[in-house]
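Presented below, as C-alpha cells, is a lone chain in the form predicted alone.
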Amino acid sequence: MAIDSDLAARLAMQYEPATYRRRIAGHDVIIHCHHYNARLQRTIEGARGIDGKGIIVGAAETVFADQLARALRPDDDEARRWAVAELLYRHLGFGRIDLSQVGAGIVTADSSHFVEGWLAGLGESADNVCSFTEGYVQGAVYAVTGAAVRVREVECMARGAERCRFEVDRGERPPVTPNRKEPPIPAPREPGAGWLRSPHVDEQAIIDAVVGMPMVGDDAGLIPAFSVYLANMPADFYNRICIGFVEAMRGLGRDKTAIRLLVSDAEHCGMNTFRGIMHSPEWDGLIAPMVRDRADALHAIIAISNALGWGDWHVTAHTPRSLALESRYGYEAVGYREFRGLAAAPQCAMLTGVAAGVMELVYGEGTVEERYGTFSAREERCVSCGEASCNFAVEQVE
C-alpha cells in the first residue's frame, strides 16, 4: 500500500530531546529488538498459575485501541480506517497483517517480528506465539468499528505454517479496557550534575544520527537494523504487561521472582542487542572511529540507548569492575507513576538488567552465556518512589 503524505504525517516520529523520548501517533514508543520482546513474552506466558497470555493480549488490545484512535481522523471512511490499522502495525515493525477479510472473521499475517524473534532467539515453538498480534487485532477492530471481539491464532509460522492465521469471534465479551493514566510527572529541564563523558565519544552526534535513521517497517513490516530486528513498541504496552505480571505473581507470593525474571530478560537483551549493534555496519561507520577503549564503547552504548527512547540515563561513575548510572525519565518509572501512583519499591527492571548486561558485554570475556551473571545490578533509588531520579549500581560478581 502506498503511503500518502497524510498518512505519513499521522505516523511521523517526533523525538523529544529533553526527555530522550520518541513519539508516534500520540504514544511514546521504545525501540527494543526481537531478543527482548520474545524473551519477555516467554517469561510472562510461561509463568505457572497466572494468565500470562491474557496479560499480553489485554495490554496490546488496550494500548493499540488507543494509539489507533489517535491516528484516525473523523472523515476517514471504513476502508481508510482499516488501511491505517494495517499500516500502523507495519510501520512500527511488527510485520505485515492483512485485514481485508476481517469482516468475514479472518486475519492473516505473512511476516511477524515475534515469530522472527522466537525462532532466532528461542528456537522452534510447540505453541502459537502471536499473542501480541491477537491483542493488536482486537484493539484495531475496536478502534475502527467500536466492537469488542476475541481474536485467536489458529495457524502460526513459528510452528511451520505458511502464514499466521487468526479467527475473529464477535460473541459476547467484556468491553475494552481504556488506557487511563494519570498526567505524567514533569520532565527534567536542565542537564544533570556529575555526568561523566568520554573525550573521544560525541554522544550528541550519535543520538542525532540514530534518531535520524528511518527506523520503520520495510515492505515486510520488519526493521532489520544493527544486526537485529527492531520494533517501535509503545511504552504503555511494556509497562502494562510488566506491572500486570508482577501483580499477578504477587497474588501467588512470587513477585520477587517475577522481578528477577524481568531483570534477567533485560540482562540478556543488553548483551544481545548491543552485541548486534557493535558488530553492525552502522557501528563501524559511525561509532567505531570514536572508540579507543572499552570505556568509550560503554559511553557510546549509553548514547545509543538514549536515542532509542529508553529514557535519559547517564554514567555517573565507572571503572572496569563497576558502574553507576542515573536515569531521570525512564519509561518504567514514569509509567508506573502514571498507572499506579507512587511505588513502595523501585520499578525499573529493564534498565537494571540492561545495566548489568552492558557491563558484561563491554568488559566480559567469552560467549554471551559465559558472560551472563558476571555483573550484578541493583536500583537504589527510583522516580516511581518519588525520587528525583533513578540510580543504578553495577558491580562485578566475585
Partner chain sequence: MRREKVPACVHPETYKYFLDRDAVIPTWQRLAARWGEPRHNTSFRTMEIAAPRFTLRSTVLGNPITVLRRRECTADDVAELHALLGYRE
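Positions refer to the first chain, counted from 1. For clarity, every value in this text was computed on a predicted model and none was experimentally measured.
Absent from the display: the form predicted in complex with the partner chain. The rest refers to it.
Across the proposed site, 116, 227 and 275 without exception bring a heavy atom within 4.5 Å of the partner chain in the predicted complex. Put simply, residue 76 is far from the partner chain in the predicted complex: not one heavy atom of it is within 4.5 Å. Proximity of residue 72 to the partner chain in the predicted complex: non-hydrogen atoms within 4.5 Å are absent; the residue sits far from the partner. Interface residue remark: residue 279 is counted as part of the site for the partner chain in the predicted complex, having a heavy atom within 4.5 Å. In the predicted complex, residue 35 approaches the partner chain with a heavy atom inside 4.5 Å.
Of the residues 259, 302, 151, 222, just one reaches the partner chain in the predicted complex with a heavy atom at 4.5 Å or closer; this is 222.
Here is the short version: of 194, 178, 171, 285, the single residue with a heavy atom within 4.5 Å of the partner chain in the predicted complex is 285. Contact with the partner chain in the predicted complex, judged as any non-hydrogen atom within 4.5 angstroms, is confined among 205 to 213, 232 to 240, 314 to 322, 98 to 106 to 205 to 213.
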